[in-house]
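We begin with a single chain expressed as structure tokens, specifically the form predicted on its own.
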Amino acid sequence: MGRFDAAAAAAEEAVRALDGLDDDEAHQLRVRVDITRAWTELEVHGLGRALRILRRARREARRARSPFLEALTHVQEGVVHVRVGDWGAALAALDAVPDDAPLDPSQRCAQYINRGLAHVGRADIPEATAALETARDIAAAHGLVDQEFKARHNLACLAFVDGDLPKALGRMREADRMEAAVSRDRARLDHAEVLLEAGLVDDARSALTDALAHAQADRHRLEVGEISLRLARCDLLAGDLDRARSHARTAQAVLRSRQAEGLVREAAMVRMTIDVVEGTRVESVVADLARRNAGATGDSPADRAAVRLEAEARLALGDPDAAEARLAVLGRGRDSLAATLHESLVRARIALARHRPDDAERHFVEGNRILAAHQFLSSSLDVRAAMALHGRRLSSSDVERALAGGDAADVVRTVERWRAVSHRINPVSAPTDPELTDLTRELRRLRRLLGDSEGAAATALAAQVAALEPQIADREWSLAAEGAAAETSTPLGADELQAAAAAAGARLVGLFESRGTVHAAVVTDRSLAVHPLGPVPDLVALVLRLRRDLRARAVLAPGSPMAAVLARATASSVAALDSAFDGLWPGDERVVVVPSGSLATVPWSLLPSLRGRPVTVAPSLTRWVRGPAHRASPAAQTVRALYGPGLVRTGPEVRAVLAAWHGGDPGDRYDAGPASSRDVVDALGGARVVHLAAHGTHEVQSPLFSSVRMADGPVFAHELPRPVASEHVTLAACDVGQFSTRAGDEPLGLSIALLSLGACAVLAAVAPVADDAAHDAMVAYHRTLARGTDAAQAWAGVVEHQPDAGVFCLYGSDWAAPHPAREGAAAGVR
């Protein structure tokens, strides 16, 4: 139950009750009480007192000539050392248990589980696997549900240490479903640890904050210290150094009060990491780590982390030779993704300090390759995007190196190396998951009910939705990709991009941010150039101002006297934003834009300098060039047009769209009213072109819950088919062209998800749009598209005549219909 104060008091009372009794039974009972009591003493008073009690119990057990009780003291001592993170002491204690000790199955499970945990802590995968599987099998054979839960959960932790995050999350879910009567606090901490390794910092922080509140309320001091330590690591990864320092300070104080020296050292490492990143107290850090690392072999993950940090600190003091010498002790070992990328960063910086740019670039490239390899293990778009967070310092350092060198070709190549890494792969694939399907279906039902509810009913439904969404995300995170690793591709270099620009007659503009400034890398068939555009906050302010005007204009009632005022305000905002890109795209050739994270919501087609010109917005230039190829499957020779509820003119719109491709007027014969979510998924899984007119929502905080609303409720990005068969998708819906950008320039949103899952091009809006404007623009667009005009050119023609439609952007790659309607494409409407 976790009530350690009450347990300690009860143990004291038991000891008092035994005072004065001097028979064998009383002696043995006192030993048993002390063995149990050691655990509560650890939580209440710390390690020293717990060990003293165990030593006393062991002496008594020997005096009583009880091999059984003596073995139990060793098992408990191992448990106590595991709790404070002293793996060596834990193994020493557990190894002292004789093989023939008369332990019962439950006690044997405890021995093997803690032996396994100690080996997990030292990243000794074979020994940990053997111990935990033995514990699991003993528990299963004897119906010990609690012990089986612990063994299975710790096997999940083992998968985490082994770098297989989907397997770790999946195993944790399976263990969590067991009806074991054990506290789940420890399991929640481990779950947060896996989320942190996946780069899902916000989710990890949310779980830890919740756990911290419970631990503080229950006065679980060790838990408070350990949770604070993990929160510090969250903050550090997210770049919030002030909060990281505060949490690390709390963790150190609390853990020191419990003599949990292993965890105290871990907290000290976080504090020293902050110092090195900030460039403060670096000399002191070097001195501390030199003492700590003296004689270190670099075998354990903790030792290896300390060696890497010392090398980075020595480098910061201008001593690359000492830094390299320190790294030499590492050799080859098993490390997490974050640790591996840290080593790449330090080695690259050492090479830069020694004026060996080729060596530095080799380390940056290797780090990038390792990051991509980890991303591609998961089928979750969320995890793939989030994992790039671990490469944040490495990519920033690489880009700063390239900018300092002043070679435009190198800057282009470097920026492209780190941009949207998760899009360098052919469509994400994963097995159909019935559980994910059921959860998403339930969310759709709840969301639909929520939309029709008010008052207390709405509050209750909102709570259910809030509880269900993390379950869906968690389920998707645990799904592994199918055969994805073999499909990765390298980023394009400057020469290849120039050749692609020449072939397409395009100007390529990649926007990126470095040290608070937005830069533009411009590639044409004849030139390469890099331009600083201005401070990030200034450009963000311009984008926000324009978006505010667009939203205000979209909700105006027809004939409103404010229309003229807002039209002038919008024109002024558009002009101001346009001026920020002055000179980037002179002439009249087509333009490919790769926006930085802060510019994800710019309506590029609306800018006066781009009006009437073919514009494609791509996650990366590599993705633009190497987008999914056309698929010639006969099954995909169709055009589907669907619409959702609550919009006007949708019926005529989809009939006109279909007529554009099919010829003639399909009339109402296929029109059964608003489509369902199943219709949308089926269309995206089989039709070459899909047109979808519906209300849409972009979820900024959880972009994969972005959706379009259909007859039975919303269709989420989470439930799109894998892969998407459709080559081109038009989303005549508000806002779903927006995307949120995770660290590492990894975009996420509904339209981006379609591209990730296989669509070549998606037309979608970044702001609200009036129904009649969308209707007219979409019909004109499909008529031009069906005649064989490529998508960017077709949309440019539409916007030239209907400027308000410029809130739509074409995302992905260039695309044109390979088989115009007159050659026999089939059609369907719903």
Partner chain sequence: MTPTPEHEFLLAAAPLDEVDDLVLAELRDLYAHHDPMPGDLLDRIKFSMSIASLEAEVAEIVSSASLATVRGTEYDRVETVTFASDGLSVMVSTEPSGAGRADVLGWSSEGLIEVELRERGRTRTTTADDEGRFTFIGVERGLVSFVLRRTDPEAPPVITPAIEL
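Positions refer to the first chain, counted from 1. Quick caveat, the model's predicted, so the values are computed rather than measured.
We do not show the form predicted in complex with its partner chain, though everything after this point is about it.
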Which of 773-781, 38-46, 51-59, 795-803 lies within 4.5 Å of its partner chain in the model of the complex, heavy atoms considered? The stretch 773-781
Among Arg184, Arg568, Arg678, Arg249, just one has a heavy atom within 4.5 Å of its partner chain in the model of the complex, namely Arg568
The one option of Ser702, Ser573, Ser598, Ser336 with any heavy atom within 4.5 Å of its partner chain in the model of the complex is Ser573
Notebook entry, point to check: Heavy atoms within 4.5 Å of its partner chain in the model of the complex: does Thr697 have any?
Noted result: yes
Report task. Could you confirm whether Ala462 comes within 4.5 Å of its partner chain in the model of the complex, counting heavy atoms only? Result -> no
Practice task
Determine whether any heavy atom of Ala325 comes within 4.5 Å of a heavy atom of its partner chain in the model of the complex, and answer yes or no.
Solution key: no
Taking its partner chain as it sits in the model of the complex, is Thr650 near enough to touch it, meaning that at least one heavy atom pair lies within 4.5 angstroms? yes
message = Please determine whether each residue of Arg122, Ile227 and Gly239 possesses a non-hydrogen atom within 4.5 angstroms of its partner chain in the model of the complex.
response = no
Contact check, 521-545 vs its partner chain in the model of the complex, heavy atom within 4.5 Å, ordered by sequence, gives Arg545
